[in-house]
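Before any questions on how it binds or moves, here is one chain, the form predicted alone, in structure tokens.
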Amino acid sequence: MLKLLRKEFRLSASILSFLFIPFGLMFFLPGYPVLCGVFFVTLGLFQSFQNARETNDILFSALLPLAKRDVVKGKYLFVCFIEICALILMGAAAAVRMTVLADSEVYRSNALMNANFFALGLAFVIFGLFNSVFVGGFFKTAYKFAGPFLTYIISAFVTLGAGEALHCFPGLEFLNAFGTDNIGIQLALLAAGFLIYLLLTYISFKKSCRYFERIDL
């Protein structure tokens, strides 16, 4: 596993994948859709796949003494590593906003989604969509990525828009909780988002392995 990650870091990763991780700190921004930070992180990951295609990284990896499923595993491990790094920053920002900055007027007067555990759960969902729609779509051909990325953009912003809108409906105000209000249901929503992330990523990985095994490079 470590050798696969080392190969991704040193040979195929774009520097933008690492530079875009701090966009997770957009969870601190008031008056701005905080989940856009998730999209920017995936945009950095997209650059790594573009770089890998232009340098024939997939073909090079397939020629190594590795099983073809290990080539797929390396890509998924790299993607998940970048996502988890960004999620750690998002979680830290959400924790600060829910505790130290819970009574800050600049956040209290914010009409958009608050950075709480529900928002963090949706971040997991959007990352899961990236793994399923884009990464899974890429491995159908191991070459084409424009179509899968466009489909991912649409699904990501539909999810983002739903997250921003839901708390405006009567009875769903708890989704935009400040501080530790409704902490029980907030944690449940975070757990649900995490489980969706795991499920989408796992199913996508299995399908990608099957697709890649059939591809004649």
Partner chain sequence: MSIAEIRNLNKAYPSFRLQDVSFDIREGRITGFIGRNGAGKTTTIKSILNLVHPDNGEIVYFGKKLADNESEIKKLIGYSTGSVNWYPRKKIKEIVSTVRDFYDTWDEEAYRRYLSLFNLDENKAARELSEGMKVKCNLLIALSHKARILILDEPTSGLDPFSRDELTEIFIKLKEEGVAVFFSTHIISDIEKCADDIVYISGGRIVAALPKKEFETRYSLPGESLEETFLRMERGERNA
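Model, not experiment: these values are computed from the prediction. Numbering follows the first chain given and starts at 1.
As for the form predicted together with the partner chain, it is not shown, yet the points below apply to it.
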Is it the case in the model of the complex that 116, 168 and 173 each bring at least one heavy atom within 4.5 Å of the partner chain? no
Looking at 189, 62, 26, 156, which has any heavy atom no more than 4.5 Å from the partner chain in the model of the complex? 62
From the candidate stretches 31-39, 181-189, 146-154, 50-58, select the single one in contact with the partner chain in the model of the complex, where contact means a heavy atom within 4.5 Å. 50-58
Using heavy atoms and a 4.5 Å limit, would one call residue 67 a contact residue for the partner chain in the model of the complex? yes
Find out whether any non-hydrogen atom of residue 11 is located within 4.5 angstroms of the partner chain in the model of the complex, and reply yes or no. yes
Contacts from 134-168 to the partner chain in the model of the complex (any heavy atom within 4.5 Å), listed N to C, are none
